[in-house]
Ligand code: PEP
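What follows is a single chain, given as structure tokens, in the form predicted on its own.
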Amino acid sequence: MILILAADTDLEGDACRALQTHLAALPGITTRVHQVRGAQQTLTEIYLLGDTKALQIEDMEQLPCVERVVRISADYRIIGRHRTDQGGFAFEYNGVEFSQDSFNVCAGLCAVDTPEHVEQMMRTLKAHGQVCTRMGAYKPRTSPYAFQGHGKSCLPWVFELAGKYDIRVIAMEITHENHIDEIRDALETTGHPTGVMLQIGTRNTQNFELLKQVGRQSEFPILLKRGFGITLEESLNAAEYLASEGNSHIIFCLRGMKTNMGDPHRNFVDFAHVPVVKRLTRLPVCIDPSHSVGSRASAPDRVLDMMHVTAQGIVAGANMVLVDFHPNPAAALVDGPQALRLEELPWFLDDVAIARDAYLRRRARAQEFAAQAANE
């Protein structure tokens, strides 16, 4: 059950305190509070978790501050879109907006290697007006002998370089709960020159204990990658794990499915699920073309496959693109064959802008058609 409070309700006011006291006394019920901050007003929702069957909607609507009550029978109690007019999980982190309406490009190194390469990457991003990047410090690998990432030793200089080039958000995969403390300590030591978005990789989508630990912290937003060998429902339940622990600042990332049906690409591209995830949930949706395609192959039109699938995801409404770049892909320690070159960044950004404009035009036309139909 969700209690939707009146707009701009003061959580510290007497009426809201009375509401929370009443809810705390309900047997077998726990609560989660979530706020959606828009340009004009702040909306507050309280999730009642547990056996809510005995609670009557009419009674709950009489409680202080409550404007509307929604009973939930579907999965994804917190992240789910239970009404067509329900607002998305919009949030701002370190001055960057993330929502089902926003759009960001997160280009960078799949794996951090040298300070020189990191600085070249960030300098190029700044020159082209970008404020987000990806930097892999912890790398889960299929082979135990493959490069596992520099770990916490690289964090201070990566963060300092990000501050130097005004990079606001770094998407960084973690594989253990201790990595959260290592990132937090490094940010504190360097004076918080940037922000970090904790990335849960495809191999850890069903690492439930890690999901719980990441969900219990509220300092960092979360980028959750779809599991490459499980259903969409199972992956969305992983996002529900995060939100049920308290952190709903989540971006869901589509990164391709592991199946030979996707050959010759590295994975079967699943970007047609962008509108599906936005319909089922209130999460912003990211696409990862690098790990979907896995190569620099191109068609006779000279457009890279990776750019074609990126455009497909954006035209379908993606809110973020996570993509590999490298100053010297041949020297990259991880996934060099799929990395785009720095000189290709302006071309990539131009192509992204064309696709984003197409999506906005398509959305505007759909809204226009809906309005016309409503008036007939």
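Please read these numbers as outputs of a predicted model, since none were measured by experiment. Position 1 is the first residue in the sequence shown; the rest follow in order.
The same protein also has a form predicted in complex with the named molecule, omitted here; what follows describes it.
Participant: Out of T202, S235, T133, T281, which one falls within 4.5 Å of the named molecule in the model of the complex, going by heavy atoms?
Facilitator: For this set of options, the contacting one is T202.
Participant: Can you work out which of H291, H249, H265, H273 has a heavy atom no more than 4.5 Å from the named molecule in the model of the complex?
Facilitator: After the contact test, the surviving option is H291.
Participant: Which one, 158-166, 97-105, 193-201, 118-126, holds residues whose non-hydrogen atoms are within 4.5 Å of the named molecule in the model of the complex?
Facilitator: The contacting stretch is 193-201.
Participant: Honest question, do C110, K139 and R255 all end up within 4.5 Å of the named molecule in the model of the complex by heavy atom distance?
Facilitator: Yes: C110, K139 and R255 each sit within 4.5 Å of the named molecule in the model of the complex.
Participant: Taking the named molecule as it sits in the model of the complex, which residues of 217-239 have a non-hydrogen atom within 4.5 Å of it? Please list them.
Facilitator: Result: K225 alone.
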